[in-house]
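Presented as structure tokens, the chain that follows is alone, the form predicted alone.
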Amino acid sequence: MKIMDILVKDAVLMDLESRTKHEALAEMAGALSRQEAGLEAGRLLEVLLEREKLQSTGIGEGVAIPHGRMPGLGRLVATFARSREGVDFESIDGQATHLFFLLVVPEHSGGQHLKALARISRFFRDAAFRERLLSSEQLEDVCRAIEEEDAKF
């Protein structure tokens, strides 16, 4: 599975306006639901917040991978968002979060979502990849970085 196959490019947010975890999730849910038929922003936000209650999806190093399962969704979908100022996402390292990769999977996706999460996590372990996303000026630059990372695995 390639990340570019599930990335909804029109939902990418190059500069999140949000400053809190709840606002960031709502902003990303809204952007994705406007582009993906069958996703309702309010319901998606509920799903994401429920997942966050278990443990923050802020994995450290300025990265968060919020995710959730949506009943009725036909395929895996994802979007990327960036906050130059950073968001307090209750990350495990206590640092502000700047890079977000939101993943939404069908309710009965089996192990498909675990593979996607593992792949995304692997991408973000690379400091050069994180820096490239932070410094990208255009959506095309972000997509190119993801495509090149996709090609490595």
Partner chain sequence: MTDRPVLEREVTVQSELGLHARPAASFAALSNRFQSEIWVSRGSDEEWVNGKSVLSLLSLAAAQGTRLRIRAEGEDAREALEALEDLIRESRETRETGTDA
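Positions refer to the first chain, counted from 1. Just so it is clear, the structure is predicted and the values come from calculations on it, not from any experiment.
The form predicted together with the partner chain is left out here; the points below concern that form.
**Q** H98, S136 and R144 - do all three of these have some heavy atom no more than 4.5 Å from the partner chain in the model of the complex?
**A** Checked in the model of the complex: no contact with the partner chain for any of the three.
**Q** Please name which of the stretches 82-90, 65-73, 24-32, 37-45 has residues with heavy atoms lying within 4.5 Å of the partner chain in the model of the complex.
**A** Stretch 65-73 is the one.
**Q** Residue-level question: is L117 within 4.5 Å of the partner chain in the model of the complex, judged on heavy atoms?
**A** Yes.
**Q** Taking heavy atoms and a 4.5 Å cut-off, does L54 contact the partner chain in the model of the complex?
**A** L54 belongs to the contact set for the partner chain.
**Q** Is the gap between L49 and the partner chain in the model of the complex 4.5 Å or less for some heavy atom pair?
**A** Heavy-atom contact with the partner chain at 4.5 Å: absent for L49.
**Q** Give, in sequence order, every residue of 20-47 that has a heavy atom within 4.5 Å of the partner chain in the model of the complex, or say none if there are no such residues.
**A** Sequence-ordered list is empty.
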